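The chain below stands alone and is given in C-alpha cells; this is the form predicted on its own.
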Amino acid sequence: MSVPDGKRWFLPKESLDALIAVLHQQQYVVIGPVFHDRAIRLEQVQRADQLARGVRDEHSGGQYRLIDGNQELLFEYVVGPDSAKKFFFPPRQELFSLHVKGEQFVIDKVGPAAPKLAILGLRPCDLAAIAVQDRVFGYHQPAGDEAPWASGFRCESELYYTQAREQSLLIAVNCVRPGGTCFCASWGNGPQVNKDMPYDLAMTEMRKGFVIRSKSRKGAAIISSLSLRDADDAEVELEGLLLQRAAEHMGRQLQTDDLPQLLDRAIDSPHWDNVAKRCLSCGNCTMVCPTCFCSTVSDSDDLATGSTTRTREWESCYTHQFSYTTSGPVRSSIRARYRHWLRHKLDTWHDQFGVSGCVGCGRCITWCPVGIDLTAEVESIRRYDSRDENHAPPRITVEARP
C-alpha cells in the first residue's frame, strides 16, 4: 500500500476506540499511557477510557507531580518514567535454562517470544531514542523501509530486540506542551516528529480530535481500516501553530554543536568535583534514560532439577561494581562515574554509534533525587573551558564501527 506524502486525516476523539479496536483485531497488544502509582506509566490498555485523560504533569529538577488538566485531552502529559525501551529491552529477562547431561550442555528452554506491540502515545523524543537503540542493538529496517539513521551502519543484531521491533507498531503523539525539563528542540528531536524518526502513525491532539498522518505501510493500512475524513486547512494550520508554540517554550536549552570537543577538553575540569559533591551515584538517571543499554547477567542453579538459568537485568554505570575487575573498580569515585556517564552520553557515543546518546527528554533531570541538571552542568563546564583556552588536549578520535 502506498503512503501519501504529507497527507493528513482527522480522527475524532470518539473514534479513538475504533483505532484501538483495529489494533486488537490485527493481534497487537496495545500499550498506552495510564495513571498508575502516582505517575504516567506505559501499560496495556483495552479501551480509550483507560488512558490518562485530563492529567497534566509538572517537571523540574528532582521534582515530578501530576495535577488536574483539561478533561477533553488524553495526552496532556509530557513524559513519565517509562519509555519504549522496557518493551524492546526488558528490565529483567530470562535468556535460557540448561542442564548438564554427560559431557554436554542441554538447553531446556529459551526466553519468551517477543510480543507484537502497538505503542500508543510515544513522544518524538522517544522515537529518537528508539532510533538510537536500533543502532545499539543492530536492528535494521526491513527492505523498502530503510531509514536514514540506519544507512551505512551495521553491527551484530540482538535477536529479541529485532523480533520485538519488527513486529511493533509505533504511534506517536506530537507535543503541544513541553515539560519543564524538556530540551528536545536543542537536538532537533521535537516537539514534532521528523522524517528520520521510526514511526508508523503520528497524531497531534486537539480538543475535538487528532490530526493524523502515516509514514509506513503498516500505518497506512491502519488508516485505511478507519473511516476518516481529510483534515481541513484550519486544523492543519492550528496544528502548526500548536507545535510552533511548543518549540518556543522548551523548559531547557543545550548548545549541542560542539559537545564532543568541549567534553574532550574538559577531561580534567575541576567542575567534575563540584558535581561529585551532589551526585548520590544512585543510577536513577540511567534507569529512566530511554537510550541507556548497560546490563549484567547472572546464573542461578536449581539443585532439585540440576538446571541453570541465565538472566539479564538492567545495570548502571553508576554502581560501584559495574567496572569491577580483578584489581578493583576502574571508576572507584563518584567523580569518575559521573564524568564517564556524561561523556559517554554526549561525546563518545558518537564514536561508537555515530549519534548522540541523549535525545533531550529531560527524564534524567526530573528523576534525579538532588536535581542535577545535565544542561546546567554542560554550561558550567563550558564556562570553565572559556576561562582557560590553553589547557585543551588534542581531540582523540575512535573510528566508528562499520
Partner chain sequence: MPVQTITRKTETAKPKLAVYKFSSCDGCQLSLLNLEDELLDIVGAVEIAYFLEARRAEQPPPYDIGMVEGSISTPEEAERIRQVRRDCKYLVTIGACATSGGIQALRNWADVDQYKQYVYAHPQYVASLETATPIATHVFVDFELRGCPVNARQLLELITSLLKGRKPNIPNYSLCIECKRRGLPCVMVSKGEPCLGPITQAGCGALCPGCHRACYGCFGPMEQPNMDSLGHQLTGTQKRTAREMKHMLRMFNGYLEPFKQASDHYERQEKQNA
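Residue numbers count along the first chain shown, from 1. Every value quoted in this text rests on a predicted model; they were computed, and no experiment measured them.
Omitted from view is the form predicted in complex with its partner chain, to which the following refers.
Asks: Could you check which residue among Q104, Q321, S224, S327 gets a heavy atom within 4.5 Å of its partner chain in the predicted bound form?
Replies: Checking each option against its partner chain in the predicted bound form, the one that comes within 4.5 Å is Q321.
Asks: Can you work out which of V288, L117, L263, A231 has a heavy atom no more than 4.5 Å from its partner chain in the predicted bound form?
Replies: It is V288.
Asks: Counting only non-hydrogen atoms, which stretch in 119-127, 276-284, 210-218, 233-241 is within 4.5 Å of its partner chain in the predicted bound form?
Replies: In the other structure, the partner sits against 276-284.
Asks: Taking the shortest heavy atom distance, is Q71 within 4.5 Å of its partner chain in the predicted bound form?
Replies: Contact with its partner chain, no.
Asks: So, in the predicted bound form, is S186 in contact with its partner chain at a 4.5 angstroms heavy atom limit?
Replies: No, S186 is distant from the partner.
Asks: Whether S332 contacts its partner chain in the predicted bound form should be assessed with a 4.5 Å heavy atom distance threshold; does it?
Replies: So S332 counts as contacting its partner chain.
Asks: Please tell me whether any heavy atom belonging to Q46 falls inside 4.5 Å of a heavy atom of its partner chain, as the geometry stands in the predicted bound form.
Replies: It does not: once its partner chain is placed as it appears in the predicted bound form, Q46 has no heavy atom within 4.5 Å of it.
Asks: Would you mind checking 189-226 for residues with a heavy atom within 4.5 Å of its partner chain in the predicted bound form?
Replies: Contacts from 189-226: none.
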